[in-house]
Ligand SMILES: O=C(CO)COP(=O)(O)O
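Next up is one chain by itself, shown in structure tokens, the form predicted alone.
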Amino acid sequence: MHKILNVALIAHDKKKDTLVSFCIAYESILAKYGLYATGTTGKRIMAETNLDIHRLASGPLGGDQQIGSLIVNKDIDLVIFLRDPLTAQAHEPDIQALIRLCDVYSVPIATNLASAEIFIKALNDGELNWRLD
């Protein structure tokens, strides 16, 4: 298993600005962890912060499945996935599969800004260090 905790950052198109702002606000915390993001989301975060992000494919092109694979391999410890519940997503089955894998492997997943803030503060306080075992 890995020695640091890894965080996946994903956002639907209408939530990308919110996730970028979140990453700016919590950059000092996020910088302590391994960061993975789907394509455009990762590109946007890297353009507006100094965070080092492992960029994967965009969600509709398999990025959600790549994150899922990392979850199965126990390489992701927290998922922040700011979803747009008001817009239909062509890759909805991939999204549901990703959420299911988080449940199967007990990976905390934040799907909105309120839960993302709770989880990032818990991460900073060491509340997810049990995942290092």
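Only a predicted model underlies this, so the values are computations on that prediction, with no experimental measurement involved. Each residue number is its position in the shown sequence, starting from 1.
The following text describes the form predicted together with this ligand, which does not appear among the structures shown.
Asker: Looking at Ile95, Leu70, Ile29, Met46, which is the one with a non-hydrogen atom within 4.5 Å of this ligand in the model of the complex?
Answerer: Only one listed residue qualifies here, and that residue is Ile95.
Asker: With a 4.5 Å heavy atom cut-off, would you call Ser58 a contact of this ligand in the model of the complex?
Answerer: Result yes; Ser58 sits at the interface with this ligand in the model of the complex.
Asker: Decide whether Asp125 counts as a contact residue for this ligand in the model of the complex under a heavy atom distance cut-off of 4.5 Å.
Answerer: Because no heavy atom of Asp125 falls inside 4.5 Å of this ligand in the model of the complex, the answer is no.
Asker: Although the partner isn't part of this model, could you tell me whether Ala11 comes within 4.5 Å of this ligand in the model of the complex, counting any heavy atom of the residue?
Answerer: Yes.
Asker: Under a 4.5 Å heavy atom criterion, is Tyr36 part of the interface with this ligand in the model of the complex?
Answerer: Tyr36: no, not in contact with this ligand in the model of the complex.
Asker: Only one of these stretches, 100 to 108, 59 to 67, 46 to 54, 72 to 80, has heavy atoms within 4.5 Å of this ligand in the model of the complex; which one is it?
Answerer: Contact criterion met by 59 to 67 only.
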